[in-house]
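Listed next as C-alpha cells is one chain, alone, in the form predicted on its own.
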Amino acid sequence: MTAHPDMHETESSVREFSVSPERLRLTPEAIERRIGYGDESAPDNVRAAIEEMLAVFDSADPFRCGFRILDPGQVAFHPDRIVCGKVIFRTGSIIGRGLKGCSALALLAASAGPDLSERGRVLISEGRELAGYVLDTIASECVEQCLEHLESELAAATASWGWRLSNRYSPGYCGWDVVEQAKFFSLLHENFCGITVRSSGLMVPLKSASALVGLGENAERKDYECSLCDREDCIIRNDG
C-alpha cells in the first residue's frame, strides 16, 4: 500500500479557485448539445443567439469553485450511505456501488454567482426569451465545466499518493435526496464559493452545483447506471 501524508500536515485540505470566463473555452457546439440538438444543427436564430450570448459571457464575473478533502480517518463508506463524523449521507445503493473501494472523499462546489442569472432576467423582461434561455444554458454549462476543472485539480493534488478518483455524484441524482444538500454544505465553511442552501436543498445563487468524489488507491471510475435512475434532466444521460 502506498503511504500518503496527512492533508492537514502537508497542505490545506480545503481549496477555493476563481475561474475566469476565457479559461473555460466554451464553444457554440457545446451549448447546442446542452440545449438538446445533439448531432443535429440548431436553427439559425438559435445559433445567432448562442454567438451573441457567448460574447456576453466573455465579460461575466469569474466563477468560484472549490473542494474539501476528507481523509480516510474522517469518512466511512457503507453500501447505501457515507458517514462523515456526525453527518450521514444516505446516498442509496447506486452511489454506494460507485464508491466501493474508496477510502477518502472530496466535496466539490461551483457557482456562476448572480451575474449571469441577473443578465438573463433582464433579457427576458425585455422580451428576449430565447437570448435569456441561451444565457441560462451557458451558465449551466460553465458550472459543469468548473466541476470538471476541480476533478483535474484533485487528481493532480493526490496523484503522488497513488490515489485515483471515482465518478462524480450530486445530491438529487442516482437516488440521493436533494434535501441532503444542507448536510453537504455543513461540512464546508460558511458561504463556501458564495453559496448558501435553503431548507429545500435549493442552492443560492441558482447557477451553482455540488458533488462528491471518492478517492483512494482502489477508487474506480465506472459507467454511470443510467438504466437504474429516473432523472430525465441528468447531464450524463443527456450527453449520452
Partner chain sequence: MKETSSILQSIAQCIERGKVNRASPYPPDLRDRDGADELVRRAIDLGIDPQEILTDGLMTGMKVVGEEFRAKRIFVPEVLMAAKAMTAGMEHLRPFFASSQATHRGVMILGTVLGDLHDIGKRLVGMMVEGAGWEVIDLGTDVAPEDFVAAVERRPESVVGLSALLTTTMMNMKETVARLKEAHPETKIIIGGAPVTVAFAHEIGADAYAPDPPGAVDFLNSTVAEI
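Worth saying up front: this structure is predicted, and the values here are computed from it rather than measured. Residue numbers count along the first chain shown, from 1.
A second form of this protein, the form predicted together with its partner chain, is not displayed here; the remarks below concern that form.
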query: Options 173 to 181, 22 to 30, 57 to 65, 187 to 195; stretch whose heavy atom lies within 4.5 Å of its partner chain in the predicted complex; finding: 173 to 181
query: Touches its partner chain in the predicted complex: residue 46 (any heavy atom, 4.5 Å); finding: yes
query: In the predicted complex, residue 136 touching its partner chain (heavy atom, 4.5 Å); finding: yes
query: Residue 124 within 4.5 Å of its partner chain in the predicted complex, heavy atoms; finding: yes
query: is_contact(residue 70, its partner chain) in the predicted complex, heavy atom dist at most 4.5 Å; finding: no
query: One residue of 148, 118, 80, 129 in contact with its partner chain, assessed in the predicted complex (non-hydrogen atom, 4.5 angstroms); finding: 129
query: Heavy atom within 4.5 Å of its partner chain in the predicted complex - qualifying residues of 13 to 44; finding: 35, 36, 37, 43, 44
